[in-house]
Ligand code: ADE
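As a starting point, one isolated chain is supplied in structure tokens, in the form predicted alone.
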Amino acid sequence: MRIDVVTLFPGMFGSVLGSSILERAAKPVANPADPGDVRAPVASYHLHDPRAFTTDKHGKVDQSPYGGGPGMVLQCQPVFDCVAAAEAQQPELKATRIVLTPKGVPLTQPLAEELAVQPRLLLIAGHYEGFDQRLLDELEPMEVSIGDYVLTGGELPAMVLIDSVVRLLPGVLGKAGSHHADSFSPGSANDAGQRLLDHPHYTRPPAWRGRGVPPVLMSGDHAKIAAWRKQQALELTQARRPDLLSPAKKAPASLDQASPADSAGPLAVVALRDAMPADADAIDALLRAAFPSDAEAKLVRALRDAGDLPIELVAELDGRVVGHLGFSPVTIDPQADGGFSNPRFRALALAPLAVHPEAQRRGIGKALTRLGLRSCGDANLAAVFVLGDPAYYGPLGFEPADPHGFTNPFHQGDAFRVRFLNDTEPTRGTIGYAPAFAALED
């Protein structure tokens, strides 16, 4: 990527562009394992001073504003000629023109992602009271702001934009894809598609000034670690940036939204998200409304109290919890007459799936299940087991478990099903559910 900057103060950029990640992006980098394997620079920086293009004998590029008022305004001619000269240096690369101004659209992570796939950016940093409007009308640039405040010039915002974009270019960061799960990034999104703040991070030593590391992070249980991180990200976002979870930013449950002809009521926006501790009472009420007895409500409560719901999702409609899905750990005891044990084979059981009677036949249950399975896959699980209707779970990829050599203490036949999430070879044997599942027999 070529990055041009039109600025009255090019000296401000040297230490920023010549340091750390931005410097490395502009240099060839050799592979330590193979010195002959050299990565070409992925970015180049070019600074252009409009003062070199002014016709004023004193080198002025600004004048007082028509209509009066404080401050000075940058003139059209020197900036326009500077932009034209910069673009002429490599005309085959079409430049995306960007003016840094408080009046612009906010610089967000999605915008940075869009800019990172452009071959060339040309950033125009204003100063004083800004540009003559006729220049902006002629150049038709994108106008970008880094926040709701005013700085003395556009140089610092230009550096911020460069940093946010260049770090996304392939090969710039030490580990490919390490930016994927950053705050506001695609990997931070919850199951409703809302991009969240990043979860807390910890490293050695395990204790510092009387403060320890959360035990789950040292448990080795990757499913519980993934669930903890998702929950922490959600709670942190709720506390510090609730606007990111506002209804206007919630994604509809369109993965499996029913058509109007099949729906029991009008279509509405349904948010799918991770369950939070504050949802406990609403989930309990939902389960009691969705099932004829309170066995399922007791089960979910017992699983949660025991810490056996590493993945728990809810569907929310108009601020009301109308759907719930949880996953609990299972154990697999190999049969004595055959099979083998594989410690890499890790699995969860799909706890009771519930949709409120008033919100059924809208695809909410299937959407919850699909997103739950995706969460299981992200946690590197091998399989999910379920006791359920073959007609319902079959289209979701669940197969009869018996042909694969699995048995269970609750049901026999097709009601006991399995969905494999990766190609890890399974351990045949008896499936043992979390102890709380005994509540179903009450």
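The first residue of the sequence shown is number 1, and the count goes up from there. In this text the structure is predicted, and so the values were computed from the model without any measurement.
Here the subject shifts to the form predicted in complex with the named molecule, a form of this protein not shown in this document.
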- request: Would you point out which of 150-158, 113-121, 274-282, 318-326 contains residues with a non-hydrogen atom within 4.5 Å of the named molecule in the predicted bound form?
  value: 150-158
- line: Answer key, the named molecule contact in the predicted bound form at 4.5 Å (heavy atoms) among 144, 135, 353, 168: the residue is 144
- request: Report the residue, out of 190, 75, 101, 164, that has at least one non-hydrogen atom within 4.5 angstroms of the named molecule in the predicted bound form.
  value: 101
